[in-house]
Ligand code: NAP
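This document starts with one chain, in the form predicted alone, laid out as structure tokens.
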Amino acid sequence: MTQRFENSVALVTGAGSGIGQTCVRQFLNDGAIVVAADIDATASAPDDEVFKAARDNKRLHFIKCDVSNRLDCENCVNETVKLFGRLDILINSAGISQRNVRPEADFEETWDQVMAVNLKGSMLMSHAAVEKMKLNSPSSGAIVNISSIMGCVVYNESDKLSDGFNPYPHSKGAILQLTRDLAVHLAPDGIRVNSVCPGFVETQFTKGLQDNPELHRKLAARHPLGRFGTPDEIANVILFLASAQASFVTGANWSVDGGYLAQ
């Protein structure tokens, strides 16, 4: 049986954990060749059969990449094409929140760092990838950006997660506009660009929230389905948008949020 991504080359950022790592696994299971990029050079894939087989068959390559650095992004894309001859899919999954910034940073440094990774990183990776996707014959490609429900709405005031200067929702809201702008301008080149807005998801990224039982309960209850999502549930939609099954979908923002935004 033909797999959806057979002979396709996918580049996934933020691949060392969470949604990014889950996307890597699902792409491999569905026939893709994958370049897994992460800023943590020591981030290793789970030692399971999927990753081991992919490494043995040279269908999986790891690369260190700081997405906020232009040269890193360009080198990452160039190495992908050098190794595998083309680039078909880019998943911009690398991201941080203010919780990941050093505690002593002031509000300006915190804002700059979160915007540099979440927004600038998605822009830099897309800029580098588009130049290579245009070389495909015929010109084609798919980019999926990871936004958030907090790119569409604000934090509930009672949760005390923002004072209005939290850069996370600012960065994720900007991702939606980046997605729309790229989608319209790249459509003539056959390159589709879409975004996904996850709700709260059970990953290391939200561990601090999950470790607070009362806050975890409140946040879960804000989703009509009554729980956090799983990385697989988000990756399922990401891979659909990256596939030929979504060939008439571009400039769209898909919420995968247990009903959070419907309220």
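Quick caveat: nothing in here was measured; it's all calculated off a predicted structure. Heads up: residue numbers just count along the shown sequence, starting at 1.
The same protein has a further form, the form predicted together with this ligand, not shown here; the description that follows concerns it.
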| item | value |
| --- | --- |
| In the predicted complex, the residue from 35, 32, 65, 235 that sits within 4.5 Å of this ligand by heavy atoms | 65 |
| Contact of residue 80 with this ligand in the predicted complex (heavy atom, 4.5 Å) | no |
| Residue 76, heavy atom within 4.5 angstroms of this ligand in the predicted complex | no |
| Residue 179 within 4.5 Å of this ligand in the predicted complex, heavy atoms | no |
| is_contact(residue 57, this ligand) in the predicted complex, heavy atom dist at most 4.5 Å | no |
| Among 93 to 101, 187 to 195, 158 to 166, 132 to 140, the region lying within 4.5 Å of this ligand in the predicted complex by heavy atom distance | 93 to 101 |
| Within 4.5 Å of this ligand in the predicted complex: residues from 138 to 175 (heavy atom criterion) | 146, 147, 148, 168, 172 |
